[in-house]
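This document starts with one chain, in the form predicted on its own, laid out as structure tokens.
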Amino acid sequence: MNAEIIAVGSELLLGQITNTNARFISNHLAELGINVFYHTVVGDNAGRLEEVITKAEERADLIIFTGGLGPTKDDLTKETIARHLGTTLEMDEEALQSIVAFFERAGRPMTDNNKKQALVLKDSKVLVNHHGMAPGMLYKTDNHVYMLLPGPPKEMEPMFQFEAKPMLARLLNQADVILSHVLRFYGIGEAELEFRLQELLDRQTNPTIAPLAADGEVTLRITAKTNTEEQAWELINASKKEILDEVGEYLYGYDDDSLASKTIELLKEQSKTISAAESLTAGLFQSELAAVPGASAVLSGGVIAYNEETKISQLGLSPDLLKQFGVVSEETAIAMAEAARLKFHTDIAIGLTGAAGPDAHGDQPAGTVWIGIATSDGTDAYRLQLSGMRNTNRLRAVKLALSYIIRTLTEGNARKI
């Protein structure tokens, strides 16, 4: 089965939001063995949407729409599709009652246009929206399958994963098991990783290996198709061993892991706590950790010491040290980390200081970052020279700091990345 994903919404074309839905859906369709050859974005215009549908029907069996199912006049996806297919819309009573109940719980009056969200294509299979109001739907003709999903990712993602995806698997009547496993790497570029794995990538058949770079990380998705789950894991593990023999030193996690979640996981496993003293990152490091559920078990606190006065008053750094070595220095990063560890009584602490850019800081060029990591065994410092824009450098400094902590927790010291 070949698929096309059509995202509906003028806000996508205007650059006001990013089309993350297509990426999410494509990942899951790949696990079902469904090919995605086109991603299309179209504005809130019925005529242009119908043109896009006609074109998609020429090249895809499965057409998935996201967006345009809401209550306003510019939400016209299902109306346009109904007209295009020569069918009608009907009220889904279960969806309508869910919408009514939502407004009752919120204590807000419900306007009539909200009822529009409960309309579905006649004779379609309804996908329940457990995280919003507009239901999704699946509609079949002799030659095509049309799937309509809400636009907001917090509604679309669980609906697709738990309702639409199983429905598509049944539709395909798959007897085979398709299993995917993701390996996550940091500290190696996509080009270098592919170069080192070129021989393996050239001879891949089953399982397949797909590299993907995002936000400074590189992932490899290994996908096996066999008769049983046990056989699939045997194929995956064989390829996984070959991969790790080549680039295993850069592996930090699997599947849904992130640098932050892996850090939290390791700290919990070792019953250790962490604190931070941040200058150029201004709280981003702690925010990244705090985004992980359960972070409070290991994250004790931190200080944002953005200027020299705060480094002296809140962290107790010596004015002489700052004068002698400068704010952006190995000595300052070490002193910040050690001060945070003492202040918050943690097992590990990090100090982040640097010149984010675009200007240099004294004699330190823009992009210079020092990371100090203090533990009971001592303190290490690592120098980075980043080359991105200001906020890119700040975010990358956080990710690199997390990767150094992971190395420290797993190897006893952070190997230079």
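Superpose the two forms; the largest set of C-alphas matching within 1.5 Å is the rigid core. Please read these numbers as outputs of a predicted model, since none were measured by experiment. A residue's number is simply how far along the shown sequence it sits, counting from 1.
What comes next is about the form predicted in complex with another copy of the chain, which does not appear here.
Interface residue among 88, 237, 228, 296 relative to another copy of the chain in the predicted bound form, by the heavy atom within 4.5 Å criterion: 296. The partner is absent here, but in the predicted bound form a heavy atom of 281, alone among 281, 124, 77, 329, sits within 4.5 Å of another copy of the chain. Another copy of the chain is not shown here, but in the predicted bound form it comes within 4.5 Å of a heavy atom of residue 221.
Although the partner is absent here, residue 261 is not a contact residue: none of its heavy atoms lies within 4.5 angstroms of another copy of the chain in the predicted bound form.
When contacts are judged by a 4.5 Å heavy atom cut-off, residue 26 counts as touching another copy of the chain in the predicted bound form. Another copy of the chain in the predicted bound form is not approached by residue 408, whose heavy atoms all lie more than 4.5 angstroms from it.
Contact annotation: another copy of the chain lies within 4.5 Å of heavy atoms from the stretch 191-199 in the predicted bound form, the single such stretch among 139-147, 191-199, 80-88, 330-338. Each of 55, 287 and 314 comes within 4.5 Å of another copy of the chain in the predicted bound form, counting any heavy atom. Scanning 329-364 for heavy atoms within 4.5 Å of another copy of the chain in the predicted bound form gives 343, 344, 358 in sequence order. Once the rigid core is overlaid between this form and the one not shown, residue 41 counts among the residues whose Cα shifts by 2 Å or more.
The Cα position of residue 405 differs by less than 2 Å between this form and the one not shown after fitting on the rigid core. Superposition of the core reveals a Cα shift of less than 2 Å for residue 383 between this form and the one not shown.
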